[in-house]
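In structure tokens, the next block holds one chain alone, the form predicted on its own.
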């Protein structure tokens, strides 16, 4: 247990020293504020700068509160995920390339504690940043657009957090497998894009997919209820997360064993 705490504290100190605990939350905060504010002022912006003929009568209805929250989730799913991937693509690969991992593992440190401590820190930072950003998005949505039941907001946010856990785990998994930070980022982003795209195009075939989580969050914002096959998607995502963590530990142990023996 002491190993886990020591390694987790190490990850925290490094992230604080690299300002990750500042700039990652700031990105999510900006995304969370911009979406409802832009949605509220968009009609005025279009009227003043849209190039419409003078005197034209155009109506731009405000989106509903659930629509704004869903659009905010969409921003997090694009720019937010990109930020998470870029921030953590070298979480293992970078240490392996610099030799930092050797300095840590030369002590009696278990491979499980090493990988899981990194996963816990990545997940904490990602979920904390998302929570702060989405809290502000909800506040401005309530103030500018309309209120959404708090229970809907909380349930939808918790559900979407599972997708972020899937993304952080995928980054960690590829960072263990490959030494190239660019390769880790490209693979993670490519797979998340493909999963999300295919899930939206063929939802009947990919009911189990982690890519369905965002649509379930949208349904919860609208009605308080997730879409069909919700638990299938959530269960499969959690299983995939656990499986990737286990495979990350096994692969990391094998690579380090080979390195030490050679």
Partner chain sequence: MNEILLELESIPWGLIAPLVIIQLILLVVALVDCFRHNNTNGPQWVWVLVIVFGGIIGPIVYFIFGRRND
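What you see is a predicted model; the values in this text were computed from it and never measured. Positions refer to the first chain, counted from 1.
Below, we turn to the form predicted in complex with the partner chain, even though it does not appear here.
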TODO: Report whether the minimum heavy atom distance between residue 41 and the partner chain in the predicted bound form is within 4.5 Å.
DONE: yes
Open item on the list: Taking any heavy atom pair closer than or equal to 4.5 Å as contact, tell me whether residue 198 reaches the partner chain in the predicted bound form.
Closed with: no
- [ ] Report yes if any heavy atom of residue 226 sits within 4.5 Å of a heavy atom of the partner chain in the predicted bound form; otherwise report no.
- [x] no
Task: 4.5 angstroms heavy atom contact with the partner chain in the predicted bound form for residue 26 - done: yes
Task: Contact assignment for the partner chain in the predicted bound form, among 140, 166, 152, 119, heavy atom within 4.5 Å - done: 140
Open item on the list: Just to confirm, with a 4.5 Å cut-off on non-hydrogen atoms, which of 193, 30, 62, 232 contacts the partner chain in the predicted bound form?
Closed with: 30
TODO: Go through 33-41, 217-225, 62-70, 203-211 and give me the stretch that gets within 4.5 Å of the partner chain in the predicted bound form, heavy atoms only.
DONE: 33-41
